[in-house]
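Look below for two forms of one protein chain, each set out as structure tokens: first structure 1, then structure 2.
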Structure 1
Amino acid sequence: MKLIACTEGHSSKIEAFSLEMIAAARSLSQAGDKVVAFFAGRDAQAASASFGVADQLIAACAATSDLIPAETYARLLRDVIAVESPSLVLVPYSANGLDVAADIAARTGWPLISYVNEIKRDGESLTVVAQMYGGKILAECAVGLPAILMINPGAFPEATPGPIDTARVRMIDAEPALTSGKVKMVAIEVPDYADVDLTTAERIVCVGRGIGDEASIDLARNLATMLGAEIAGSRPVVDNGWLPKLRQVGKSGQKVKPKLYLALGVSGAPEHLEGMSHADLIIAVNTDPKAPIFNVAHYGATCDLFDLVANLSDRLRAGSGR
């Protein structure tokens, strides 16, 4: 059978999770199967320099655009599916994948399972494990083929990057699909990381919705100062305007790897974990003992975060002789 691993890029780069999609497809393939990497982007250079683990690369490129909108990506992918008749299409859970996966599912009628962490193949059918309810529940699903799976970034190890020889690359001109597309990309804004760059911070204190209100952020900020740490927030905290966007950690925030990550009132949804689960030392404080943050924490406490902040601040103040 054929497996299509969907990959992405922007400008002349590939997204790192692309190599995870190829590795996931490879891990499911058996003798006689074929892993096809589908790429849509500005040019195929980075893709053909990295996707050697795939049996074939189908690259849809348009030199005029740094980014192929999901609508166009989905249309190009549909054409590829029509020609290749794959049994399985793996789509990353990304901004692009969110629009592509269900679009294809609706137009083909194929089943789709999202937020997939594990896949087991049994001949022509699959058993997959997907996350629900912010990671609090795992759903084991039976999937008949052909099917589409939307895969969580970080669920599969990256394939080793290496070149794919030109004989195994099929190029598609994405320009016509791009020009006739109904969704046009008009601007890309990249923030100024000069203010704060959490990706290089050695210590981070992150507050989640459990902090309750804007005024309480100061308590956590004072603690952060005593620890020599940067203050950060989960998505709802930033959405509420309590912390600036550049201080958001997670899927649509920063991916961080500090020596210390103290999470206060953060539940640990998959989209948050994606940004911080590789920190060296994770300490989580959450009154809910079932909070998924405890699955990645090295130390967990189930006390009230306000009590902890008060007590910890007292001790640190005493320790510093003040």
Structure 2
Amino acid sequence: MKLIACTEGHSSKIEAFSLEMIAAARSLSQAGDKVVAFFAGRDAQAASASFGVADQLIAACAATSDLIPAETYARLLRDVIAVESPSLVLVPYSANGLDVAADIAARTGWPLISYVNEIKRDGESLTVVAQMYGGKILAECAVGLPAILMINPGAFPEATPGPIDTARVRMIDAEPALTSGKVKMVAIEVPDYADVDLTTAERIVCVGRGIGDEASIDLARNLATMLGAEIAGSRPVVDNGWLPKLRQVGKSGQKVKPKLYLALGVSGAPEHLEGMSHADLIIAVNTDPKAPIFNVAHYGATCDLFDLVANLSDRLRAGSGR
């Protein structure tokens, strides 16, 4: 059985979830199986230096573009699938992966299961646990092979990075596919982190829709100050204009890995979990006991977040003598 783990990266860096895709594939592989890492980008240097746990790296590179659009990525992946004839293709749940997985499934006719949290293998059959309704329901189903699975970031631990032998690397010229594609990359805009860079914060207090309104964020902000933490928000909070974009955590915000992540009123949609599920310690507060955030939290409370914030703030003030 051959398994393809799709990876991503740009600006000489690979996305952390790329190592998770390889780890997921490796966890399913058995004697005689082959794990193939697929990468598309400007060059394969970062991938070659990190994907040693894979049996092979297939790198599609184009010197003229730092980022390969999903349309071109899918076309390149289809060509690889035609040559390699894999039984399973693992795609990350990402902005790129959403388009790629759907494209491959539609053109191959293979079944596609998204929002995957767990995969169990019994011989040549798979049982998959996937999220539904924003993660409030977990569905278990049998999957026939060949198939495509879109994996939630954080569902599998990262594989240990290490170099791959050059003899196990196959290079593909991605330039023709990139040139003939309809989608062209114009530029990559990197936010100005002069105000705040959540990726370097050791402690983060993140507020979600459950905070209620903009004025209530001050309570969480005061708690963050006492904890020596940065204040952050989920996408609904930022979309409402209650916090600036630079303080958004998630797929379309910043991806963070603090020592402490305190989530107040955050439901935990897959897009948000992608940005914070690797925090060392996650404490979630939400009145809904079925909120998906509790699937990744180390500690959780279903009490009113305002009661918790008030009591915790009082305890911190008492301890500091302020």
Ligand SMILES: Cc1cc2nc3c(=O)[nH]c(=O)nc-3n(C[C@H](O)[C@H](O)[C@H](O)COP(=O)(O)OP(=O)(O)OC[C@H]3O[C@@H](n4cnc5c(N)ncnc54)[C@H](O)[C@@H]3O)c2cc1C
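Keep in mind that what you see is a predicted model, and the values were worked out from it rather than measured. Definition used throughout: the rigid core is the maximal C-alpha set that superposes within 1.5 Å between two forms. For numbering, take structure 1's sequence and count from 1.
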{"query": "Chain form predicted together with this ligand, by structure number", "finding": "1"}
{"query": "CA of I204, rigid core aligned, shift of 2 Å or more between structure 1 and structure 2", "finding": "yes"}
{"query": "Core-superposed comparison between structure 1 and structure 2, I119 Cα displacement 2 Å or beyond", "finding": "no"}
{"query": "Rigid core fit then G241 CA moved by 2 Å or more between structure 1 and structure 2", "finding": "yes"}
{"query": "L262 CA shift between structure 1 and structure 2 in angstrom, with the core used for superposition", "finding": "5.2"}
{"query": "Shift in Å of the K290 Cα between structure 1 and structure 2 [rigid core superposition]", "finding": "3.0"}
